[in-house]
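Okay, here we've got a single chain as C-alpha cells, the form predicted alone, with questions on binding and movement later.
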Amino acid sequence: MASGKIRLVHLYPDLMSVYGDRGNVLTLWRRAEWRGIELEVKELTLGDTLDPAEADVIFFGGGQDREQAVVSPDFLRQKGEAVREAVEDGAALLSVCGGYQLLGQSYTTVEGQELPGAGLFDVRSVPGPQRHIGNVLIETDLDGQRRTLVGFENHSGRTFLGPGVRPLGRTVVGAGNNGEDGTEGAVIKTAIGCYLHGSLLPKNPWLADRLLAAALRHRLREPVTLEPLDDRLEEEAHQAVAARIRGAGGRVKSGAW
C-alpha cells in the first residue's frame, strides 16, 4: 500500500482556472488525504520559477484568450521547459482547455494572434467557426481498460493531433478536440491534455487515482498500489451523469477505435 508525501504544482490559478477547474486540485488533495498521503500544493503564477524536480503532479487549468495571451510569454520563458522535463522524468500532469492548448505546438486566438506552445503535446489549436458548449461523454482505454469519462466543454478552439499522437479517448457525445475526427484530448507518458471542465476529477475518481499513483511513483521511485476507497456513491453519480448525457441526445458518435 502507498503512503508518503507528494507535491502538486498548480500553474496560474489566478489566471487559468475556469468552470470549476480548481476542483481538480481539491479532489487530488482529498483522495490523497483519505489514504494518509500528504499532498503539498504549490501555486505558481507570473514571474515564478518552476523547479521540475519539485513537481510530482502538475495541474494547468483553462482560461480565455485574454488570459492565455498574458500567460504564454511567461510560461515559455522557463516553466514550459520545466514541465517537459518533469513529465519526461515521470511526473503526472493534467491540463484542461487553455492549459492543454498552451502545452501544444501553437494556439491561434480568434483575433489571429499565434501563441507558441511548450510542445509537450504534438497538437495545434486554431479558432473554429462555432463555440462548443455542453456535456461531454467519451470512451477511453487508458491502461488497457475500457472506461468512460464525463465532463463539460466550452471552447471555440479546434485542436488537431499530430501523427502518432494518442488521444485521451473517443467522443460519444460532444465535440471533443475539434468536432470532426471524434477524438478528445491527448496523452503522452503520464501527462493528459483535454477539454473536459466541470471539474473533471470529482466526476471521474478513477482518473484522479491514476494521477495520484503516477505522482507517488515519481516521488518514491518504486511501484505503487493505492489503497482502494469506497467509491460506490461516486460510481453511481458517474453512471447517472453518463446516462443523462446519452439520453440528452447531442452529437452521438460510434465506431471502432
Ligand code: GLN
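Numbers for residues come from their place in the sequence shown, where the first is 1. Note that the structure is predicted; figures quoted are calculated from it, not measured.
What follows is about the form predicted in complex with this ligand, which we do not show.
In the model of the complex, no residue of the candidate spot (P202, D231 and H238) has a heavy atom lying within 4.5 Å of this ligand.
Among G157, P167, G182, G80, the residue placing a heavy atom within 4.5 Å of this ligand in the model of the complex is G157. Using a 4.5 angstroms threshold between heavy atoms, Q64 counts as touching this ligand in the model of the complex. Proximity of T27 to this ligand in the model of the complex: non-hydrogen atoms within 4.5 Å are absent; the residue sits far from the partner. In the model of the complex, Y107 approaches this ligand with a heavy atom inside 4.5 Å.
Although the partner is absent here, H197 is a contact residue: one of its heavy atoms lies within 4.5 angstroms of this ligand in the model of the complex. Heavy atoms within 4.5 Å of this ligand in the model of the complex are found in exactly one of 116-124, 133-141, 86-94, 148-156, that being 148-156. Taking this ligand as it sits in the model of the complex, the stretch 15-31 comes within 4.5 angstroms of it through a non-hydrogen atom at V18, Y19.
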